[in-house]
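Okay, so here's just one chain, in structure tokens, the form predicted alone.
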Amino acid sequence: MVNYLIRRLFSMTIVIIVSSFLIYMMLNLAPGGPLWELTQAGSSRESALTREDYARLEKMLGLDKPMHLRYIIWLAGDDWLDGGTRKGVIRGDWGESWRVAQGMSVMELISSRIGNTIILSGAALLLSLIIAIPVGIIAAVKQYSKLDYALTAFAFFGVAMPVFWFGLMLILVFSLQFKAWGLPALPPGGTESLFGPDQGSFLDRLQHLIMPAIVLSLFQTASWSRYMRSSMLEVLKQDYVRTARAKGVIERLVITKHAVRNALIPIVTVIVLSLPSLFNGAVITETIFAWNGMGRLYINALTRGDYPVLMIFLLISAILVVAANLLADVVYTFIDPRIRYS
């Protein structure tokens, strides 16, 4: 197992380096480059920005160097060059934000946002698992019943529902309409109240979390329940399940002890590999609910052309995808005793 993990970590490092190279190149090869906004006709800075100012700005940001050298400096720093002061991404120097929080380091900016995204994604993941796994099991055990049809309809609703529209409808009903009707209303957005006696309290943050977590978990809950149902139906047809029933084992133990554990094996891949999508899927949800997390930060950086923030966000996403694949392989050994890595 140790040798396997060492090999996987080595291959993961290679994949992440290649991914970082592609991310850097694609962003910097975009039409116009990082300073595209300043060169457009009608720009508010056009009259004040001369060619000398533009050249000086390029030199200050390191954009006057060849592409491959810029990538090496971004990744490993330039303190090994004469007069260099940057340490590079791999040594914790992620640069400074250009526009979202001008002058603030990217690491500080992300550190202030990533906690909110982890809370939102964790709540959505927990809610999805609590609902999807039991729903899939019940739908398989009660196959072709009215309950199965109702759960199938819910799954189709969750898969087909646009996230942005569903979020807006929740705000309209549970925030605006409930308040108009004199009922307790949920906050329409934000991570906590801006003022009031309960500002920043656990209950206050929980109220702000409810609707974003429901929206973010909807698609995963619907799709995972269908995967669980299909996997359970396959397992219930296996010989060892029929043998357990023939021996007189009560149905509850047949389902929980023999069927569910084996049905979870293929679901692990689906769930673990979906973890990065919860992080990335929060982009839309956080924008709708003004949730002050990584997704909203990414949208702000994208619309303002803040390249240092964009590159780190995409790099973190790539690392999460690679780590999720390794996590899935490790979890397999705990669920399926037949799998051993040597």
Partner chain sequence: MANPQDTALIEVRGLKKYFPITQGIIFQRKVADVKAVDGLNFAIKKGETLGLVGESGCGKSTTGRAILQLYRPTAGEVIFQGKDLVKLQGEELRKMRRNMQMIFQDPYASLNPRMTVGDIIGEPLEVHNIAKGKEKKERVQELLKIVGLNPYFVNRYPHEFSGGQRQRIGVARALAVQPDFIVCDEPISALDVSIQAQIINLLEELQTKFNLTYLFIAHDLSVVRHISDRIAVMYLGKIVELTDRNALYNNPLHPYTKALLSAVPIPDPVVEEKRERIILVGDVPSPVRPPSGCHFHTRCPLVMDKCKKDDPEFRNAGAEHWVACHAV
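Not measured: the values here are computed from a predicted model. Residue numbers count along the first chain shown, from 1.
Not pictured, yet referred to below: the form predicted in complex with the partner chain.
- Of the candidate stretches 68-76, 144-152, 86-94, 223-231, only 144-152 has residues whose heavy atoms lie within 4.5 Å of the partner chain in the predicted bound form.
- Checking Ile114, Ala123, Ile265, Val173 against the partner chain in the predicted bound form, a heavy atom within 4.5 Å turns up for just one residue: Ile265.
- The three marked residues, Gln238, Lys257 and Ile335, each reach the partner chain in the predicted bound form, with a heavy atom inside 4.5 Å.
- For Val249, a non-hydrogen atom is located within 4.5 Å of the partner chain in the predicted bound form, even though that partner is not displayed.
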